[in-house]
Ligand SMILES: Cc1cc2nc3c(=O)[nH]c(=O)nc-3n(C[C@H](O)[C@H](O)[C@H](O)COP(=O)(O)OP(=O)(O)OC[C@H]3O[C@@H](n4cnc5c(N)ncnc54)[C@H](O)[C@@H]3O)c2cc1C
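For reference, the chain that follows is the form predicted alone, supplied as structure tokens.
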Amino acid sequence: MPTKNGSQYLERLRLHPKDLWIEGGKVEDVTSHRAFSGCADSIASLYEMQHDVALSLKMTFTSDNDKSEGLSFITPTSKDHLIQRGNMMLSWARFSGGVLARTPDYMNVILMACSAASDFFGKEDGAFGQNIKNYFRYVMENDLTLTHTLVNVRKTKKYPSYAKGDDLGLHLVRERDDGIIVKGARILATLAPLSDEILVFPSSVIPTDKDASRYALAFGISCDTPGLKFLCREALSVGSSSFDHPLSSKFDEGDAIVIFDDVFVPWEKVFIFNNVEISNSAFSNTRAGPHINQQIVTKNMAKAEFLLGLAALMTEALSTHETPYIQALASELITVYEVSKACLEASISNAKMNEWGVMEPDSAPLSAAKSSFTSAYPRLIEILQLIGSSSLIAVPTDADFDSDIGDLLEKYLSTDTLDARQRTKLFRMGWDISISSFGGRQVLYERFFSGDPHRTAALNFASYDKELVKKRALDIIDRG
């Protein structure tokens, strides 16, 4: 089928209920549950954009089977393809101001890169390479929404999940003629409550000993597969009004622990099996990273743009936009926004064809932008708090305006440019991104978006090509 619309997305969720639990109760229908319906409608709106006459040309492409597919599925073979895909990603990111981070394009580009590198998966058994190609086509042609999970549950961080006597992490239980049985738990599957399929990939280096090889797995299965259970954290949208909770009521993606309770995976859905070498080098050899990072930095740029716009509106409402101290604070928002934008443009300008025949954005500027955002985002939120100060706390609810004291609120909370309800609506938005539990989750999420920020930074330095800069430094040293 061609690109789906929002109604088709929601209907598929209803027709394929997963074993999903939240706050002690099982969820029968995510599209109507108070914890998930708002975000489900938001994801549906993204899919509707693919059918909007004014937007569809920049949201879709014609695939080799002559069907209209979402642009995030395109296998880029030119810089123009990267530009087109980037514009599509930005359209989705701007819908939520970058707050809705795990939009479907994130997983789509991972699958695209893996499919293009199918020979890597099939270098010891060609069937696994064909499996990843078939799975990518299946997801693309049905325009499915994916979540993924990388990190194994473990008893203590002192030892890895595959330590002797610790079988908590996802591992192989046994082989069958028609597939494999897996068991264990993983964290953290963002968007799991609202996804059709889950992609399971290896995440960290696995030792080469025999016992550890049973953790070297990768596969993709439907979220309603028997034995697959999702335990979602509590909802962060604690109010029913979108006025009171403008972000959390619409964009709380849900994060879930995934429990595999003797789950059967057919062979045709398996991409890596008991192969430590392939598991440990999957992301580096498939070259998926630069494509993922294009989506991430695009999301980050949209988020910085949203915070900058919000800060500008708040300073104007409070008449502090000409105060030098406030201007200096707000200028940091400009820096992060412009750096993200520049790094995206540089990555496309320096893009090159990789070994799998895919046009690949330059990874260096994208890695730099992604890495810097992990520390920049908490600072941006701090700046928003400093700019808003007590106005982020003195925020009435929608119900207050409809009460007997509504007239008093209109009298005392209006500004030179906004009436009381407009002012409250603005600062409610600032509160939800910077003060609320939803805002706190956003900060933690960005801090650990790519895992341990210190380990990520170390890996970035270790993998960076330093030969040219060392040569130039030596030239200057020797010249002295």
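Keep in mind that this is a model prediction, so the values were computed, not measured. So that there is no doubt, residue numbering starts at 1 and follows the sequence shown.
Just so it is clear, the following notes concern the form predicted together with the named molecule, a form of the same protein that is not shown.
Within this chain, residue 149 lines the site of the named molecule in the predicted complex, having a heavy atom no more than 4.5 Å away. The named molecule in the predicted complex comes within 4.5 Å of no heavy atom belonging to residue 225. At the 4.5 Å threshold, heavy atoms of residue 269 stay clear of the named molecule in the predicted complex, well away from it. Not displayed here, the named molecule is approached by residue 455 to within 4.5 Å at the level of heavy atoms in the predicted complex.
Residues within 4.5 angstroms of the named molecule in the predicted complex, judged by any non-hydrogen atom, belong to 182-190 and to none of the other stretches in 356-364, 76-84, 182-190, 374-382. Among 58, 441, 67, 51, the residue placing a heavy atom within 4.5 Å of the named molecule in the predicted complex is 441. With the partner omitted here, the residue from 102, 370, 287, 133 that has a non-hydrogen atom within 4.5 angstroms of the named molecule in the predicted complex is 102. In the predicted complex, the named molecule lies within 4.5 angstroms of a heavy atom of only one residue of 245-262, namely 255.
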